[in-house]
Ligand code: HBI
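Single chain ahead, written as structure tokens, the form predicted alone.
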């Protein structure tokens, strides 16, 4: 694991990837993680995710070189990856997204952390997030989210907006003609939540509703108890164009939903299937 010295961290919290400094065992950890997910994701991940993987050649070799990925990503959607030492301050994070820069951690987990990691690493960020940035509509949504995040800081609404990111970008499901599919990076990079999110009878799968999501708490140390299901990526982009100021005001005094709780107005899907409740 790299330790970035303070003087090497720029004002925007970016650092050099220094790809040449990765050790053979770190590349091997990447390959083990890729092999695990390759066995789990067919028939479960969205086709757009697989298309992004193929276009970026992320599955080849070990830890990807960010500049090589940027050559492809930049031509496709104008996005680029910037290396960061770990989690960055909220305003920095949103500013990067608003300018079509995706901050990706440089370090990779240890073999002992294969199944659980407190802080996102390069595998989560690159394998989980970057492929969908090849999709023009999703790429635009991410930029709009960054712009909305900068505005939310000034409105004191950051906690609510963070729930939107959590339940879409990190743990989102999408309806397709073939059934429910995964597009959230937190699931795509997980060894256990791939099957749990789609097949387990435990969690609730709820059709996406913006105000409901903004009022819903989430779990950070366990599989999700609720998953919100979009119908297509355009749904995300369209909502990101709305003025959230009025929405924040409308729900300011509304009760918050605990993770795993349902409401009478929820549009639920059958547990473990892609069918509606009758």
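Predicted model, so just to flag it, every value in this text is computed and none were measured. Residue numbers count along the first chain shown, from 1.
Omitted here: the form predicted together with the named molecule. The next part is about that form.
Peer 1: Which of 127, 145, 208, 79 has a heavy atom within 4.5 Å of the named molecule in the model of the complex?
Peer 2: Flagged contact: 145.
Peer 1: May I ask you to choose, among 94, 141, 167, 123, the residue with a heavy atom within 4.5 Å of the named molecule in the model of the complex?
Peer 2: By the 4.5 Å criterion, the partner-contacting residue is 94.
Peer 1: So if I measure heavy atom distances to the named molecule in the model of the complex, which of the stretches 67 to 75, 84 to 92, 198 to 206, 184 to 192 falls within 4.5 Å?
Peer 2: Single hit among the candidates: 84 to 92.
Peer 1: How about residue 176 - does it come within 4.5 Å of the named molecule in the model of the complex, if we only consider non-hydrogen atoms?
Peer 2: Looking in the model of the complex, residue contacts with the named molecule do not include residue 176, since no heavy atom lies within 4.5 Å.
Peer 1: I'd like to check something about residue 99: if you look in the model of the complex, is any of its heavy atoms closer than or equal to 4.5 Å to a heavy atom of the named molecule?
Peer 2: Judged by the heavy-atom cut-off of 4.5 Å, residue 99 is well away from the named molecule in the model of the complex.
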